[in-house]
Structure formats: C-alpha cells, structure tokens
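The chain below stands alone and is given as structure tokens, in the form predicted on its own.
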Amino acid sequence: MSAVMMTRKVRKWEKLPGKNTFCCDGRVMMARQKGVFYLTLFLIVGTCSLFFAFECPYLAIHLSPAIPVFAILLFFFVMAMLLRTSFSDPGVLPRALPEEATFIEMEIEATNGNVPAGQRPPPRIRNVQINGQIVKLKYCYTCKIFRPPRASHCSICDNCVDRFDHHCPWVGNCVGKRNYRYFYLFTLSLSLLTIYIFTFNIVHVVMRSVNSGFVKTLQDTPGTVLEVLVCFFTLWSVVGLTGFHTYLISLNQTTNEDIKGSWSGKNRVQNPYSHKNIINNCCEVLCGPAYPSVLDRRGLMRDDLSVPTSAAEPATNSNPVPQTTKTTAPLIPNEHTPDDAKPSMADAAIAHAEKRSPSPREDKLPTLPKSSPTPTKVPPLASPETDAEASIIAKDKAL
C-alpha cells in the first residue's frame, strides 16, 4: 500500500479550534452543549401555543382582537432575538499562528530574562492606558495571545471572547461583544411576553368565572392553569435577569467584571469605560456600531490529505522519475553519480597522469604508433646449473 497526497479546498470553520459547533456551512455558530437551549425553545413555543389556542379566541371576541395580534408580534420578536443571540459569533478571537506564538514567547523571555530554577516565573501581563486608567492585558496560555481589554477565555467553548459577559446555557452560546445587545433585547422582550401572557391568563380566568364559577373555570381550562404556573415561576428569573443587565448597561459593565469586582473602586480603580452618564452608557452598548466577526468562518483554505492506493494500481504522477541502472560508464553532466559507480582515487590519479603534458625528455624519445604496438621479447634468465657447464666447456677449449 502507498499513499498519494491530494489537496482539497475546505471552509475555515472546519479547522477552527475550540468547542463550538457550526451549521449551514459555517453561518450558524453555537456551543456544543445545546440541551438547555432546546428546553428554552420548548418552553417559549409551548407556552405561546397554549395561549394562542385557548385564551386568544375568547379574548379576541369578548375583549379586543388586538390582543392576539400584539402577542404574535411580541412572540416573533422574542424568537428573532433568541436565534440571533444563539446562532451568531459572540466575538471569538482567533488563536495565534505557530510563528506568532513563537515570536511572543521569545519576546516574553527577552523581557523577563532567565528565571532561576525553582522560582516561579513572573505573570505574563502587559499594561495599557485607557482613558487615563492603567488596564492589564493577561496572557492566554491556550490561545497564545495577550487578550484585549475586557476579553476572557470561556472554559465551556474553549475560546477567548472579546468583551466577554458570560456563557449562557439558556441560549446555547457565549454572550460577548457581538451579541450582547441581542441577548439583552431577548431578555427584555421575553419579560414583556411573560408578563403579557400571565396578565391575560388571569383576565381570562376572571371573565369566565363570572358566568361559570372559579372552580368550574379551572376544570374547563387546564391549559390556562398550566400557563399560569409556567409564567409565575419564569417571571421572577427572567424579570430579575433583565433588571440586573439593565443595571450593568447603565454602568457600562459586564457580568464578568461585576463578579470579579474589577471596577469596585478599591485601590482607586475606576471603570475606564464608563461615561459617567447613564444615557451615554446605554447608547454605547445598545446603539453602538455592529462589530464584524474576525474569524472568517466561510473563507477557503487548502487541506492536504493522504489517500491510500493499492500496490496493483500504479500511482499516477505528473512527473515520473525514470529508473536508472547501475553502470560504470561516465554519466552525462548534471547527473548524479552513484557511490559504487564513482571512480576510485587510484583510477583518478592514473587518468590525471595520462592527461598531463609530456616532459622535454620524453619528446626526444621515439614513439611507436599506437595502432600497432611491437611487443618486446625478454630473454629468459639463466639458472646456476647452466652457468657451471658453460665454464667447464670454456676451459676445455683453452687447453
């Protein structure tokens, strides 16, 4: 088996870190824990459905047809603000790239210097001045960035959120810079809708009790009894939450800052974001500019995939590499020579000696033609026995 690298284009939301879920090709962004969000939908839709089915027909005839009309408009506004809060990017900050994280680490080490072994390194913070007040920027070890002012890391979504207020399980998303105003409008409109339904449920029971009695009315309208119970227990929490956020908006403060006591006035620390005016604070939070998302969820990026291929099917390649055989013949220029085919050092020295220019002495000697070299016969060497016999014959001839 072999693998072939293939490149395909994917949306950036498919590779985003964190614990968020995306739908509709990245247009919808929510937290992974959405069970309570479905409960919120069920309570709102169920209560309003019972109100439209049982109370609205009677109230439209005996009181005013504008009652169900206003209830329908308020219901759609509540649902629009809920979905806008739940399906939007709350202001998630992108994490640092590996190169950026390395540069930040080097910058921190250069600033803090070498920390002796056994000692705790100093906290990673930066000081900035906002409206004459020193604000500390904390370093996020998960995202590898210095968080902007008022930003915090959500442990449930595992992302840094700009102007982080809190993580709301009822809407299934974080509440931050980009969806806080919609969250506040959702709680405000839901409070009005709850009060509206609860009030006209009581009016419906009172009007029917005049003719048939209170007990008989409760027996004939079990849906109304259920609505009254749901609205009664919901009213305290929703109205209380709306009042708390109204107080925070008037001070231009977040829930996270209020819980931590960031601007409680201790040590002469004041809120640098407050305009010291309730109207100006409310206008900034609710009527300020709509901030764009910095994630680019639907942008395109390349993703390399390794696709396994079987050995029987040869992998297609646009630039096939030719197979080479081992040879001792000289290779063409710019071609890699195998180690076992390279000439040895002795062969290289002989070749160099043959190529060098002849000396003046060698020019005087006659040279034989290279085409027909004449072999030279060397006489055999005489052995000691033949030398002795030759000396004896020479003596006899002398006598």
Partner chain sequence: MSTEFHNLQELRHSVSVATKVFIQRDYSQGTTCRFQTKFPSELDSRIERTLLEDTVKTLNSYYAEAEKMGGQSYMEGCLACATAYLIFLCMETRYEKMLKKISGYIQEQNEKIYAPRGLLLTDPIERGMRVIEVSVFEDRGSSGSSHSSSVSSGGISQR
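Positions refer to the first chain, counted from 1. Nothing here was measured: the structure is a model prediction, and the numbers come from that model.
Absent from the display: the form predicted in complex with its partner chain. The rest refers to it.
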Here the chain appears without its partner; judged in the predicted complex, the stretch of 208 to 216, 192 to 200, 228 to 236, 128 to 136 with heavy atoms within 4.5 Å of its partner chain is 128 to 136
From 288, 222, 261, 299: within 4.5 Å of its partner chain in the predicted complex by heavy atoms is 288
Contact with its partner chain in the predicted complex, heavy atom within 4.5 Å, among 303, 109, 158, 100 goes to 100
If we define contact as a non-hydrogen atom of the residue within 4.5 angstroms of the partner, is residue 124 a contact of its partner chain in the predicted complex? no
Just checking whether residue 87 would be counted as a contact of its partner chain in the predicted complex - the rule being heavy atoms within 4.5 angstroms.
no
_Within 4.5 Å, heavy atoms only: does residue 185 come near its partner chain in the predicted complex?_
yes
Worksheet item: Even though its partner chain is not shown here, does residue 77 get within 4.5 Å of it in the predicted complex, heavy atoms only?
Response: yes
Within 270 to 287, the residues having any heavy atom within 4.5 Å of its partner chain in the predicted complex are 273, 283, 284, 286, 287
